[in-house]
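Taken one at a time, structure 1 and structure 2 that follow are two forms of one protein chain, written as structure tokens.
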Structure 1
């Protein structure tokens, strides 16, 4: 939620909100920022310059917050209800009261914004989070442990999570989160973490193999074990063919 008031070329009534999912060793978390001196948390948001694509604005916000570029970033939904604004006016009084002492202009918090939602997927162990000038704390929260959120940011987060889960199959997203070679069990763990539930091993394996998007390599050497698992590699060309016919 950073707005540089020295620049005048911001579009009115438009914002972007980035849901930054962090993934590491089978944990899925989300990055939250806390407004100074309050218990109100928010996603990483920002505004759109008049000469900037909305996609570019989202990339910029993500870069400002994480220092990372070229991340997986997907637009998923636009939040345009009037009542977003009504919630803002209520929360604004509270936040203004606390932040206002530091002479930061927060009046924009009570204007109406149509917010274009994006989600990003990062390795949270690699991120050095930069706070904005309205925040005094950040946190990588478990997605089942979300505190009081600014505006409709909880709803935005839930919608992003729903889309992230869709994208596992629709965009074969899981393969962005694995090493170049991996076992079927490692792939299943990524799916289970993002879907938030256990999957039946045989069903999962059948489903993935039926997609025909993997190349099977040698078995992983595990010392004396007889049941060493096969290693697989994701095949981008096969994946393209799969995605081309995924709608039936």
Structure 2
């Protein structure tokens, strides 16, 4: 389907870009899309309809790409530097030609426009990636292995990662990347991967348990002679009480 973004039901000078993070095989990964018939990669994004809130636009884009609703989604920064559209005319024109939409009037893309950045945290195993009409491939890339990106999308990704690291404890965000039940070791791996450094196991466990935000379940028996680890579940009500206390 060909879309005319210059039509009156779209806002021409504002967009949303979503950094979708997932944790898989002990790596923090980000979902990237490749424009058709090009080697240019981008984040998941889109323009805002004239009859929807910006947050609604981001939620729509997230659902269209992942097939999931009710995920953790946070607006983290607005990208409005004048220089962000440098070379935009050439990039947009090339991509429009490659995907077969060169006849569509996209002159508004050469004007200055603002992008509102969001990041989402997903359970990797539940995501069913849907490509949009401009993409022919997707990839879950390790955050340390990012290809050349469209416009300032790398800067958007780096800013999202910075915000995620800052919010790990302040908002208890790591649990959004885990399955419903997990071991303490798996939780520590998420923290270490996001922070980019090793943590002392005993100190980490003591810190997490002191928050009183987990429910301990049965042990996970793996068939070996070693000690089986306990499974845990994140307790949202306890977490709310903990965060309220911290805010005080």
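Residue numbers count along the first chain shown, from 1. Basically, rigid core = biggest C-alpha set you can superpose within 1.5 Å across the two forms. Here the structure is a predicted model, which means the values were calculated and not measured.
Number of the structure representing the form predicted together with another copy of the chain: The form predicted together with another copy of the chain is the one given as structure 1; the other form is structure 2.
Core fit, then residue 149 C-alpha moves 2 Å or more between structure 1 and structure 2: Stays below the 2 Å threshold, so no.
After fitting the core, residue 195 CA displacement of 2 Å or more between structure 1 and structure 2: Shift at residue 195: below 2 Å after core fit.
Core-superposed comparison between structure 1 and structure 2, residue 78 Cα displacement 2 Å or beyond: No, because once the rigid core is superposed, the C-alpha of residue 78 moves less than 2 Å between structure 1 and structure 2.
For residue 204, CA displacement between structure 1 and structure 2 after the core is overlaid, in Å: It moves 3.8 Å at the C-alpha.
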